[in-house]
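Below, in structure tokens: the form predicted on its own, a single chain.
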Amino acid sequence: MKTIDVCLSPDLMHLYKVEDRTVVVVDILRATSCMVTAFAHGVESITPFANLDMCREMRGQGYITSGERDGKMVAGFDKGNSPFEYMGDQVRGMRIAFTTTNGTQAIEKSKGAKEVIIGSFLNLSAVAKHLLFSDNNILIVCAGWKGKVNLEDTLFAGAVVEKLKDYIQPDCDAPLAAQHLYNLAKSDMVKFMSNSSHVKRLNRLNVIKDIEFCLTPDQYKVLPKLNGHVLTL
């Protein structure tokens, strides 16, 4: 039987062998939620960068530069890190260069995997379906916050484990912990998250509506995948 595991922080990636795995990178608030939203609204590609300066240089090559540092839009960039910036016909056909504090760092550390896909609550069922029918073992990589564990990414991991519990067995206790946490939270995730560190951080930045949206399952059916260094559908 296939197995599923959860890496609660990218700083723990050295503990995991990924060559035979499908890695699901998740940064609920808000990088992977932005990516899924952008593809649902017709962007051509997203190139993730861990390095801010490398991302900035892509503007001269016709890319839309997007992302954040410490939750704030990068000065001189075209877009920030709210999913509402990636909706509508305005983004259709765009090539986006994207960098964030945590999400794109997690993607960079996952590049040795057999397959890398992008997960969020917004495309939860699409992720689960893909994992169910894949032959690969699974690792969910939570982007966290600067190496620390966060609640929202762990809840997403738990939601995936819960969906696949009858078909794929957990590798260790991390998937079980995430699953139990999700089952506690699933009836009202917004309330459950209200005292979490990142929600408080976004509230200080007056980013309110993003939180509820990013915690809403199955808004989209898209499944972004990493092809080389570029995310496409």
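So that there is no doubt, residue numbering starts at 1 and follows the sequence shown. From a predicted model like this one, the values you see are computed outputs, not experimental measurements.
If you look for the form predicted in complex with a further copy of the same chain, you will not find it shown, but the lines that follow are about it.
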property	result
a further copy of the same chain in the predicted complex: contacting segment from 174-182, 58-66, 45-53, 32-40, heavy atom within 4.5 Å	174-182
4.5 Å heavy atom contact, Lys221 and a further copy of the same chain in the predicted complex	no
Lys148 within 4.5 Å of a further copy of the same chain in the predicted complex, heavy atoms	yes
Partner contact for His14 in the predicted complex: a further copy of the same chain, 4.5 angstroms, heavy atom	yes
Contact label in the predicted complex: Asn203 to a further copy of the same chain, heavy atom within 4.5 Å	no
